[in-house]
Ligand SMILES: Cc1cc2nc3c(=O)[nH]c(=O)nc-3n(C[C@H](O)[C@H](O)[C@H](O)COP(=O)(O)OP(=O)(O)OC[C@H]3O[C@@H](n4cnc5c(N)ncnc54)[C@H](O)[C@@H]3O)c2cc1C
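Listed next as structure tokens is one chain, alone, in the form predicted alone.
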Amino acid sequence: MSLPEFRLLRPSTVEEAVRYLSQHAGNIRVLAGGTDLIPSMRQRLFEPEYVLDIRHIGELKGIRQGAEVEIGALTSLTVIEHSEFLRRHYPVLAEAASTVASPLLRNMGTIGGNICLVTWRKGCGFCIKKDGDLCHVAPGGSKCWAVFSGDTPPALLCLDAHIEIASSAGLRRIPLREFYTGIGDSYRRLEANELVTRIFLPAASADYRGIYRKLRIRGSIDYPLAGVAVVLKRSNGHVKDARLAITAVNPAPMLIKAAPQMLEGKAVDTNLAEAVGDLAAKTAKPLTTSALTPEYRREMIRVFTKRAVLAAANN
């Protein structure tokens, strides 16, 4: 399929980019890696008058170490995956990045794009999940349940990551956990004139043992049908701190808030890991949106959580 007609804008600075976003808010799309936007435009799901190509903004690329770790939103998933620093100190993020799509797409895809992954598309005047007012994906529901299917956000949630957002009014910074709304058709707190520019990893989250597990039909390319991220620290054989997040089974990636209390101060064994898995499975609310049933996907959240907790404890 050919692309629809559009005007290409190529800013060289963040200031120039947000100026374009303000000028054309509502009729512009951001091109970072293009792995999601370009196919969607070819399918006429998006037909913006303007496309903002931010790939030449050098300040948004790379990993910088300091009092906290700063990752530019345009940093490729391949760079995240192969960073020796991240693999050593923030392994759950490197592992999650390594599971995204295929090597070619990871070369193109960016960490910012994965955080902002579109969950709901309204093209040609209708939602592609179902034309009309009745949703057949979540029948009987009062709100859109478009599922978020990014791999890196649950890892970033476990690391207590923050993000920087730029607009013509300046910069603001929020915890990533506050970025997602849990509402399918309005899933992120990002205005039309705003741009995610950086991700910050606190020093306090370094050196946690981290595991990411992902369910998909094929061994590569596919989005997750269920994903689990676990990080923990041990002291004297017991869990000192732990965090758990899930993805692809709710309209937003989610921290399992009760998991830390369940794990802290305890030695991890099979029974404890199973209990944490049961807790995660109760939080998951998958729907029939693929070849796999909701029951199976929920069960895999339970199984992957148990395996990830045991692996992190014994790593």
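Quick note: we count residues from 1 along the sequence shown, nothing fancier. Since this is a predicted model, take the numbers as computed values, not measurements.
Another form, the form predicted together with the named molecule, is not on view; read the next lines as being about it.
J.: For the chain seen here without its partner, which of 261-269, 33-41, 278-286, 63-71 has a heavy atom within 4.5 Å of the named molecule in the predicted complex?
T.: Single hit among the candidates: 33-41.
J.: With the cut-off set at 4.5 Å between non-hydrogen atoms, does residue 246 touch the named molecule in the predicted complex?
T.: Result no; residue 246 lies far from the named molecule in the predicted complex.
J.: Is there a heavy atom of residue 256 no more than 4.5 Å from a heavy atom of the named molecule in the predicted complex?
T.: Residue-level check for residue 256: no, no contact with the named molecule.
J.: Please determine whether residue 204 contacts the named molecule in the predicted complex, using a 4.5 Å cut-off between heavy atoms.
T.: Contact with the named molecule, no.
J.: Taking any heavy atom pair closer than or equal to 4.5 Å as contact, tell me whether residue 196 reaches the named molecule in the predicted complex.
T.: Because a heavy atom of residue 196 falls inside 4.5 Å of the named molecule in the predicted complex, the answer is yes.
J.: Does the named molecule come within 4.5 Å of a heavy atom in each of 29, 77 and 151 in the predicted complex?
T.: So, yes: the whole triplet contacts the named molecule.
J.: Just one of 169, 217, 221, 174 has a heavy atom within 4.5 angstroms of the named molecule in the predicted complex, so which one?
T.: Contact with the named molecule in the predicted complex is made by 221 alone.
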